[in-house]
Structures are given as C-alpha cells and as structure tokens.
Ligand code: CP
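This document starts with one chain, in the form predicted on its own, laid out as structure tokens.
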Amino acid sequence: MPLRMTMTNATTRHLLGLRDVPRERLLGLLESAAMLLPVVEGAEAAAAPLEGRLIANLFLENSTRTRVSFTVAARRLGAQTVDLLGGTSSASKGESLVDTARNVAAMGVDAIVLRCNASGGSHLIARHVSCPVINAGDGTCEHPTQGLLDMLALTRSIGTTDLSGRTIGITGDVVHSRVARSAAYAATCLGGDVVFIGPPAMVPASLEGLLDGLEGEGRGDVRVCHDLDAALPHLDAAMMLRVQFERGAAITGDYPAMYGLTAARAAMLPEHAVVMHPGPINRGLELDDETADGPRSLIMDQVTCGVAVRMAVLLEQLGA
C-alpha cells in the first residue's frame, strides 16, 4: 500500500499534547490514520517507509496497549524498536529523566516515545534532545495519541469528523486523567461539547476552565455534571474512565451504583450513542461485562485505531 500522508506541517517537531494542536493538523493526523487502518486490519500489505529507523520506547510507567501498539506501529512501518522500561532502566538507580533521555538520544535513535509519571515530562525532555519526542502519557498532563485514537474511533462510528452538535460524556476519575484532558482538547477542537461526569472530588468545578486561553471558531465547550443518570439521555458517546488508585484516587462504596455504566443504565443512552473506555477496564466498577462487550462498545475499535494513529504520528514525526 502506498502510504500517502496528509501532512499539515511535516516539520512540526514533537507531539507533546493536543491542547494547542491546530484543527488542520488534528484532521490531517486523523485522515492519515484512517488511511492506514486497512494495513492494521490486514486487508492491505504494509509498506516500509521507516526501514532503517530506530524508535526508542522509554516507558517509565507500566503500560500494555500504548507500549505494544507503538511497537506494532513502528514495525508495521519497517522501523526497529528498543524498549527501555522503568524497572530495568537507570531511573530506578536515581538517574534523572533528562539524563536518561539524553543518553538514549545519544545512541542515535530517530525518535523517543516517552511515558512517565512526571506531568510535563515530555516537554522537559523535548528541550534537551534533538530527536522528535512523542508523549505516550505524562503524569496527569496529557496522552495525545490516546486522544487521537479516541477521536478516530468515534468519528468513524458516526461517519464524520465534524462533532458540532455532539456531546461526549467523560465519566469517572477526571481530575487524575491525562486521557480525559487529551480527549476533551481533541473533541472540542472538532466542534463537540464535552461534559465531565463524576463525584465532586473527581470532577471539581474548576475543570470547566480547562479550555481557558484557547480560541478558535467552532470550538466546543466543557462543562461539569455530578449526575450520570441526568446526563446519559443527552450523550452521543459515553467514555468511562478507570479510577486511578495509584494516583491517590479514593471512592466510596456507592461509586459503582452512582457512576458505573451497567446495561440498565446504558439503556438510558440515545439509541445511536456509543460506549468507550481507554483501558484497562475495572469490570464491575466502571462498566459491567454486558456493556463493555456489547454492540454499543467501541473499546476494541479504539485498540485497533491506536495502532493506526501511532503509525500516522511516527510518519509525521519522521517525515516519511
């Protein structure tokens, strides 16, 4: 398959977040990823435009989907990968994030894919290395490729990248969620409205200021709601989030009853609405089995879209 990139700015260095990504670049990446889906799904043969390139996956936090899909994406494009994981890196000996990244870059890698627990960590190392840096999740800041894959799965399901008049509900531990932030930046950039849903400790009113300082004609809004049942009938997509206990999140015993998306509660959604989750799922907490695996669910589509999105980002960053 000849890989044609819809390049909005081939010299754009790094992908650190979606907050300030122009709509044109966002749409270009989504279009490019959509073109690559047949390769991911095995319907078309893969080309190897990144043959001879070396991608360093610097994952200082645990990951399954993101790390594996970046590896699959790179190899689909002909690149080689090297994985440096937190427990096996010198970071466990006290080496700083910057020093770790600088040493990896000095080995001649063509790009660094970084996951770390420091918010803003990707921005920090981007200032200290000469190769492209792709943020694979930094603290509670952003997870841009997750936001892109969420939008690819959603826009494919509804048949348009114009989310004007659509409402995406993001429910759960929003305050700790880099996924929620990137999804909200991307969805509102495409014209959609986002409603954050959850208990006040997880969804404080201050989140309504998430878009402060952002301008752009046609950008959607963000609002906060603490009543899932009241919001469900008005949603075009219900994205459920994992409770991040490792970041200090705490829930009360009635959390599943108040904010879990059961089959009975999912029936309150409009008939066309879809269900999403970035994974990993805590079944019985955020979603029950029937909803997670049901006909509304885009969860496996999100995983497939993740490989295509990461292929598109690697091609953009490496100029192929």
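Not measured: the values here are computed from a predicted model. Numbers follow the displayed sequence, beginning with 1.
A second form of this protein, the form predicted in complex with this ligand, is not displayed here; the remarks below concern that form.
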(request) Work out which of Thr188, Thr171, Ser177, Gln146 lies within 4.5 Å of this ligand in the predicted complex, going by heavy atoms. (result) Gln146
(request) Name the stretch, out of 259 to 267, 58 to 66, 37 to 45, 23 to 31, where some heavy atom lies within 4.5 Å of this ligand in the predicted complex. (result) 58 to 66
(request) Would you check, heavy atoms only and a 4.5 Å threshold, whether Pro49 touches this ligand in the predicted complex? (result) no
(message) If we define contact as a non-hydrogen atom of the residue within 4.5 angstroms of the partner, is Gly294 a contact of this ligand in the predicted complex?
(response) no
(request) May I ask you to state whether Arg115 is within 4.5 Å of this ligand in the predicted complex, using heavy atom distances? (result) yes
(message) Test of understanding: in the predicted complex, would Gly284 fall inside 4.5 Å of this ligand by heavy atoms?
(response) no
(message) At 4.5 Å, heavy atom to heavy atom, what parts of 279 to 295 sit next to this ligand in the predicted complex? List them in sequence order, or say none.
(response) Gly279, Pro280
